[in-house]
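First, one chain by itself in structure tokens, the form predicted alone.
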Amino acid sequence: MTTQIRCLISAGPTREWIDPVRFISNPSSGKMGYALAEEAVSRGFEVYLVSGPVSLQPPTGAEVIKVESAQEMQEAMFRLFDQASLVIMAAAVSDHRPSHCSRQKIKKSDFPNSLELVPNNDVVASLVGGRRPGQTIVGFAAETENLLEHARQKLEAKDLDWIAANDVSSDEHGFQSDFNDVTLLSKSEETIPLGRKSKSEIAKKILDYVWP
């Protein structure tokens, strides 16, 4: 009997709250991560999708775990990480959070001229540090310049197996678009241009390479 492959995917943005009505976030739509989840389900994988706040229909056949903050995303990923054979970190996780979150709305007249920020934990790095033999870990690098150089640095620094270098320098592809322009880089120094394609097509290509 063939064992079903468990695939763990993160998607969407995270939110770091300033007060009950304001937060720090980013423009990630979650479309790339959801497309990866849909494609993984179609290939017969057991799919767990850890999703930040998005306005997307949950992929049929995937178990969706909804989170908001970077800390919540890290905790959810850690719970599922050890049993996953393939892990794809497509989420745009906030690097920083406010040092303090007010329990009440801060009035306009009292809002500070600057916010003190503290770094969030690096979710990808913390997961990789606890990896077990046989796991394949894929990251994403959203860049506006020096795409391949910055993605290669991230691949090596975080000890990933693959990284999807995602060009977000144009409104024609990237966060809110239905298209991405991606180059896949591997630990074995492969460079595979996938080009500008729909996110569903990019998802198929990524899975073709990272889990042939």
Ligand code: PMT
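Model, not experiment: these values are computed from the prediction. Residues carry their position along the shown sequence, with the first being 1.
Just so it is clear, the following notes concern the form predicted together with this ligand, a form of the same protein that is not shown.
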{"query": "is_contact(Val168, this ligand) in the predicted bound form, heavy atom dist at most 4.5 Å", "finding": "yes"}
{"query": "Partner proximity in the predicted bound form: Gly174 to this ligand, non-hydrogen atom cutoff 4.5 Å", "finding": "yes"}
{"query": "4.5 Å heavy atom contact, Asn180 to this ligand in the predicted bound form", "finding": "yes"}
{"query": "Interface membership of Val93, this ligand in the predicted bound form, 4.5 Å heavy atom rule", "finding": "yes"}
{"query": "Residue (of Ala142, Leu86, Val128, Ala76) lying close to this ligand in the predicted bound form, criterion heavy atoms within 4.5 Å", "finding": "Ala142"}
{"query": "Segment assignment from 93-101, 128-136, 107-115, 78-86: heavy atom within 4.5 Å of this ligand in the predicted bound form", "finding": "93-101"}
{"query": "Heavy atom contacts to this ligand in the predicted bound form at 4.5 Å, residues of 23-61 in sequence order", "finding": "Pro27, Ser28, Ser29, Gly30, Lys31, Met32"}
